[in-house]
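So this first bit is one chain, no partners, the form predicted on its own, shown in structure tokens.
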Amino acid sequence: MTRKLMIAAAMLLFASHRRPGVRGWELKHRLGKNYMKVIDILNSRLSQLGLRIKTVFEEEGEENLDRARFYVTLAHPLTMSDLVTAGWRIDEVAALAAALSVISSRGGKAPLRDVLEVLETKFPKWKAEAYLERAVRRGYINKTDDDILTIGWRTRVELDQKTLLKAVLEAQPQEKEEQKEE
């Protein structure tokens, strides 16, 4: 079992593909048909380090573990100071959150010009375009040839989309908050 845990950890922690993570069938091939037991044990050990193994299915509602992709992610969200330390700027995080909320609110697909329109209400056009391009490069957003934006693999892995949408919906403009306080 220790050997299988080491193999599973190596497969999950060291990227061997262009995209990180490992498909279920790859784990099954290397660890045997009871690979989910190995993953559960490894997950409990990783939780001591503040990490967890997340299973992401290719399509909503799909439950085929062989086609799913397994990732090692942080168990808890990063704080703003952690994000800054990791090289993120607050306005870049805000732009990403706004873009993802627009895409999510439209069923997972939105035209590039619509997302840019929303971002340009808060940022100059060049900055909004740069932030979107960076999100596409990092894998948070996918961009098709016909300029349609969709949720990227990294968003599905790293972000809780329901929590993001809830936070955006609960957010109120500062003017309204100030009026409530009075």
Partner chain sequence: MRRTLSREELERIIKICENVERMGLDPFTVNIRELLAKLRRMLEENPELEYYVVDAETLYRIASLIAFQHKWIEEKARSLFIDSQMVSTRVAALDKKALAQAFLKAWRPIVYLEQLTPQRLRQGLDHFLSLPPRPEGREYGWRLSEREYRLAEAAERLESEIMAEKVRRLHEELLEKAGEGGEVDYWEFVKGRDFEETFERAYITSFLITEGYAEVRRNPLKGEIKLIPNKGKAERKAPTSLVIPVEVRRDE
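Please read these numbers as outputs of a predicted model, since none were measured by experiment. Numbering follows the first chain given and starts at 1.
The same protein also exists as the form predicted together with its partner chain; that form is not shown, yet it is the one meant from here on.
Contact annotation: residue 148 falls within 4.5 Å of its partner chain in the predicted complex, judged by heavy atom distances.
Contact check for residue 107: a heavy atom falls within 4.5 Å of its partner chain in the predicted complex.
Remark: residue 35 does not count among the residues lining its partner chain in the predicted complex, judged by a heavy atom distance of 4.5 Å or less. Although the partner is absent here, residue 79 sits close enough that one of its heavy atoms falls within 4.5 Å of its partner chain in the predicted complex. Heavy atoms of no residue among 1, 39 and 47 are located within 4.5 Å of its partner chain in the predicted complex. Taking its partner chain as positioned in the predicted complex, the residues of 68 to 86 that bring a heavy atom within 4.5 Å of it are, in sequence order, 71, 72, 73, 74, 75, 76, 77, 78, 79, 80, 83.
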